[in-house]
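Have a look below at one chain only, the form predicted alone, in structure tokens format.
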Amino acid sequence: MEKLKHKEFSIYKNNIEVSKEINYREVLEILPIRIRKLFNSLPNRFINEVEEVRLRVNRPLIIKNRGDDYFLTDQGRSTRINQNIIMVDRDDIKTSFQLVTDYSAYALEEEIRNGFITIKGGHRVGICGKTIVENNRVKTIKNISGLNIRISREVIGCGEKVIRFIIKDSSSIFNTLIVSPPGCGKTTILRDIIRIISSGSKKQNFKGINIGVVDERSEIAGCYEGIPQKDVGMRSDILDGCPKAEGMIMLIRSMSPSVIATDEIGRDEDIYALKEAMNAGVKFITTVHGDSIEEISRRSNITSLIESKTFERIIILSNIPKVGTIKKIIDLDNNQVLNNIPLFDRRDNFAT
């Protein structure tokens, strides 16, 4: 086995072994028939690694696969060469948008106002077009000109290697902050940590506790018609599409959570609500954009949380050498980097 670095490890085992199979039928069903048929000609190996499908009026259909952009030929083959490729027209966009909204755009007005719609399976469809603004707020989007279908994946088990640094005892956790630049897997690992906290872990002698999730952008649980499409555990209560600050207070008042989880705190009102929740005895796990403590400490509201040791654990993610790499796990109480201690069993085959 390749020698493992002691300070970094990947949350993904053998890249895809712990990934849950994606149901691409849910994605294909919102594509125009002519494009859907061409997609069905692509090899499964390629389809299984698709990350995004972008449709823009009068421009090529673009498929993002493993970080690279591919076009689709009129013969149903993927290519990086801009020749004899499928162009998207306004009818394609119109048809796809109608399928996304089930021909009832008015019923999804709030989602459209936010710029995306979550479909069955937890996949998100971003929307661009002419915004209609009223009282300095986006009221809706019309004349749709672009759609971005983002494939939602969950990696069951990716939180197992860090959960022992988060669990405090059999029924409690350390307040934890996950620090990550975009595209490093923070929402994926947060989701799996929520699953473990909610359902429990025999390995960690952790029984599982009630956890409330404020899923403002519908990315954590991927709710569709109110039902989580992702595995967030048996004791999780989800507030889907709810502003974080308001959602935290709502959960405390109504659901008696032992833990609250959110994604991407940063606004002053988020910090205030977080402190109120902690004052009520609720533990917290959340994320913030950044690549180091030094960077996030430039924001005064985050600095106050770190200096006061409101958070007890900080997990810093990276995408080098690959998405899901853990750079550091820090115990703020003792100012100690915890993953200097061995993280691996020799039977493990985690990439560095």
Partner chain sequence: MLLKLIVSLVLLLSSSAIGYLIALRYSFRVKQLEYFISSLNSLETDILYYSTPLPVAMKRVSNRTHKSISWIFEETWKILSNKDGYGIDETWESVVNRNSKDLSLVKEDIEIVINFAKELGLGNKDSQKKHFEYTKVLLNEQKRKANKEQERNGRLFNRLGILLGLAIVIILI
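Residue numbers count along the first chain shown, from 1. What you see is a predicted model; the values in this text were computed from it and never measured.
What comes next is about the form predicted in complex with its partner chain, which is not displayed.
- Contact annotation for the candidate site: Gly159, Lys161 and Gln336 all lie away from its partner chain in the model of the complex (no heavy atom within 4.5 Å).
- Checking 179 to 187, 269 to 277, 100 to 108, 250 to 258 against its partner chain in the model of the complex, the stretch whose residues place heavy atoms within 4.5 Å of it is 100 to 108.
- Here is the short version: of Lys168, Lys139, Arg77, Arg90, the single residue with a heavy atom within 4.5 Å of its partner chain in the model of the complex is Lys139.
- Taking Glu295, Glu29, Glu51, Asp68 one by one, only a single residue has any non-hydrogen atom within 4.5 Å of its partner chain in the model of the complex, and it is Glu29.
- Among heavy atoms of Arg217, none comes within 4.5 Å of its partner chain in the model of the complex.
- Proximity of Lys94 to its partner chain in the model of the complex: non-hydrogen atoms within 4.5 Å are present.
- Although the partner is absent from this view, Arg299 stays clear of its partner chain in the model of the complex, with no non-hydrogen atom inside 4.5 angstroms.
- Taking non-hydrogen atoms only, Arg36 approaches its partner chain to within 4.5 angstroms in the model of the complex.
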